[in-house]
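Next up: a single chain in structure tokens, the form predicted on its own.
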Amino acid sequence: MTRLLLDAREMEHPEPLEKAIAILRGLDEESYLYMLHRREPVPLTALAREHGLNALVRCDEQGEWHILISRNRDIDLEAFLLDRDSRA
């Protein structure tokens, strides 16, 4: 699987949503969006689920949000979560 990383922790609204939507439009069955954010992006995850995409949202111990979205509903997105020591 190809990870498409979007670090939105320093971006201001609406840039994270706009960039994430652009990435989602280009997703294929072998890629996934991995977004880091300082807040839970509720509109993005709602939109992903409305379109039948596989979505996982987790907040880590530092309060940072990890959002993974894929077209491939058969993959376990949990397996692609980065721990805080291996982030790009």
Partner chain sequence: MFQNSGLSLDQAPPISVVFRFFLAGSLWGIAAGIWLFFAGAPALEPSTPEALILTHMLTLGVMLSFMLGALFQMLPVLAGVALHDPVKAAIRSQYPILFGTLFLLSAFATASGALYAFALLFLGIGLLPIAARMLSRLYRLPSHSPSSRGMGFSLYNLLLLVAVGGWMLALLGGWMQRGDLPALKQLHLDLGLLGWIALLIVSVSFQVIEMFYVTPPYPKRYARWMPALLTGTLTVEFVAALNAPVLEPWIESFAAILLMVHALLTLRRLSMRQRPLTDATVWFWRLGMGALAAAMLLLVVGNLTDLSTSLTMVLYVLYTSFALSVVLAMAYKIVPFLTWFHLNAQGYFTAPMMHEVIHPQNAKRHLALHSTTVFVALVAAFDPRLWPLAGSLLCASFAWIAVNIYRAWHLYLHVQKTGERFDMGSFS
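Small disclaimer: the values here were computed from a predicted structure and weren't measured. Positions refer to the first chain, counted from 1.
Although not depicted, the form predicted together with its partner chain is the subject of the following passage.
Contact check for residue 5: no non-hydrogen atom falls within 4.5 Å of its partner chain in the predicted bound form. Taking the partner from the other structure, its partner chain in the predicted bound form has a heavy atom within 4.5 Å of a heavy atom of residue 15. Proximity of residue 75 to its partner chain in the predicted bound form falls outside the 4.5 Å heavy atom cutoff. Taking the partner from the other structure, its partner chain in the predicted bound form has a heavy atom within 4.5 Å of a heavy atom of residue 50.
The partner is not shown here, but in the predicted bound form the stretch 1 to 27 reaches within 4.5 angstroms of its partner chain through a heavy atom at 9, 10, 11, 12, 13, 14, 15, 17, 18, 21, 24, 25, 26, 27.
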